[in-house]
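Okay, so here's just one chain, in C-alpha cells, the form predicted alone.
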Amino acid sequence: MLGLEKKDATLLLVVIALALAAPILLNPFPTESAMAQFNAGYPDLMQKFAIYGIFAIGFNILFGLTGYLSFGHAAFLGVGSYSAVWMFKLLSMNVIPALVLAVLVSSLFALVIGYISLRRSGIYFSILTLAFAQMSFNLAYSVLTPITNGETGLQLSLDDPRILGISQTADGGIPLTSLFGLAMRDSVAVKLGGWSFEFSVGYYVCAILMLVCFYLAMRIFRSPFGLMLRAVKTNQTRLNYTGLNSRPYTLAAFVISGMYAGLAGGLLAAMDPLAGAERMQWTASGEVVLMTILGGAGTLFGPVLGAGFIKYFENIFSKINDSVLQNWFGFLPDGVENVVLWVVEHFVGPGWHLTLGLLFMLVVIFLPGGLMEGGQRIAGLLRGKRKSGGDGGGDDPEYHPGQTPHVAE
C-alpha cells in the first residue's frame, strides 16, 4: 500500500485510525464526572498534539537518523509562524498559501544555517545551532521589530491590506483563518449519554497534515537516502573514507527537518494568528529534544508519542489546583490531608515540570529507547505469557529477561 511494506502499512493504518478517532479516544470520562478534567479531547489540545507531532517527526529525521543534535530548531518554528501571519495580513485568510510560504521560508533559512553549522559535528554543531536560534530570537525581539513587531508579537489588525480577502467582517471584526470557506474554529459537538465529543475543522486539518508528514518520514526512513543518513550516524568518518561526501545528505536532512518545523509554526499561526519571538527561544528547542528522546529517537511513532505525552502534561497536570486536590483528598483527616496536599501540590499545577522531569529521568535510565521501548518490552512479555500458556512453557525467542529488546520503528 502506497509503496510501503506490510509492517509499515499496518503501522500507518493504525496511526490514521488513532488520529481520526482522537476526539473520541481522548474523552474516556463522562463530561460531568470528577475525572473529566483528565480528558484531552478538546480542539485546542488535540491541535497541539498534531502540530508538535509534526515538529517532532521532522526533528527526528535529523537527530534520529543522522545523530546530529540541534538545539536551535525553534528558530524554524518561529520563522514559519511569522511567515504565515504575514501571508494572512497581505494576501488571504486561507491557510494554504500561509502554510506554503511558511515551509518555503523556513527551508531557505534552514539551508543557510545548516550550510554553516554542518561544517562541525558533535557538541560544536549543537552549540552553533543554539547560537543561531538565540540570534534569531534577539533579532525578532529587537532589531527586526518592523517585521516582527518585537515583544508585542505580530498579529492581525483591521487595516491589513488583504489582497484576496476582506480586511474586516460585516460586524467590524477580524476575519477568521479558513480552508476554502471552512473556518478553523468551526466544530461540531456530538453528545452520547454522559459524553460530549467535539469534532473540529482545525484539528482535522492538522491531523491530516501530520499523517502526510508521518508517511513522508516513513518513506525517508526506508529509502536509500535514509540508509545513507543511518550510515552517517553509525560512523561518518568511515563513510567519508569510502569516497562518499556525507555533507549533502546531512544538509538535505537538516533542510527537510527545518521544513517540518516551519510547517508546524505555520499551523500554530493558522490556529491562532499570532507570532511572537518566544517561539524561537532555546526552551522551545529543548522541548522538541525532550519529545523525541522521551518517545524514542530513531523510531517512527516515538516522536509523536513523546509530543502528545509532554503536551498532555503541560495542559492537564498544570491545571490541577488546590481546590481540585481538596476534592480528591477531602475524605482524609485534616492533619493527614494537609500533609498529602503539601506533597502533591509540588508535582501538579505550576510544579508539573517536576513530575515531567522525574518521568523523563526514569525513561532515560530504565528505557533508553524511550516509551516505544517500553511498549516493545510489554508486547514481548505478553507474547511470552501467551506462548507459555499455550504450549506449557518456553521463552519468547524474541525477548529474554535482562536483554534489551530491539526498538521497533
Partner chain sequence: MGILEVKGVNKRFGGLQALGDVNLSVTENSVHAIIGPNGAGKSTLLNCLVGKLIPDTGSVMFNGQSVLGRKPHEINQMGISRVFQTPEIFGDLTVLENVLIPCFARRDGAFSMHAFETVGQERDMLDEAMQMLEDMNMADKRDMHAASMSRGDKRRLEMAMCLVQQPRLLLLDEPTAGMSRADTNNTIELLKQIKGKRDITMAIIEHDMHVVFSLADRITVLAQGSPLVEDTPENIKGHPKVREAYLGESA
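The structure presented is a predicted model; accordingly, all values stated were derived computationally and were not measured. Numbering follows the first chain given and starts at 1.
The form predicted in complex with its partner chain exists for this protein as well; it is not shown, and the discussion that follows is about that form.
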**Q.** Contact flag, L179 vs its partner chain in the predicted complex, heavy atom cut 4.5 Å
**A.** no
Q) Is F301 close enough to touch its partner chain in the predicted complex, meaning at least one heavy atom pair within 4.5 Å? A) no
Q | Distance check, Y241 to its partner chain in the predicted complex, heavy atom within 4.5 Å | A | yes
Q.
How about M228 - does it come within 4.5 Å of its partner chain in the predicted complex, if we only consider non-hydrogen atoms?
A. yes
Q: May I ask you to choose, among L290, L216, I316, V100, the residue with a heavy atom within 4.5 Å of its partner chain in the predicted complex?
A: L216
Q | Residue among L139, V324, I96, A252 with a heavy atom within 4.5 Å of its partner chain in the predicted complex | A | A252
(Q) Heavy atoms within 4.5 Å of its partner chain in the predicted complex: which stretch in 102-110, 129-137, 220-228, 267-275 meets that? (A) 220-228
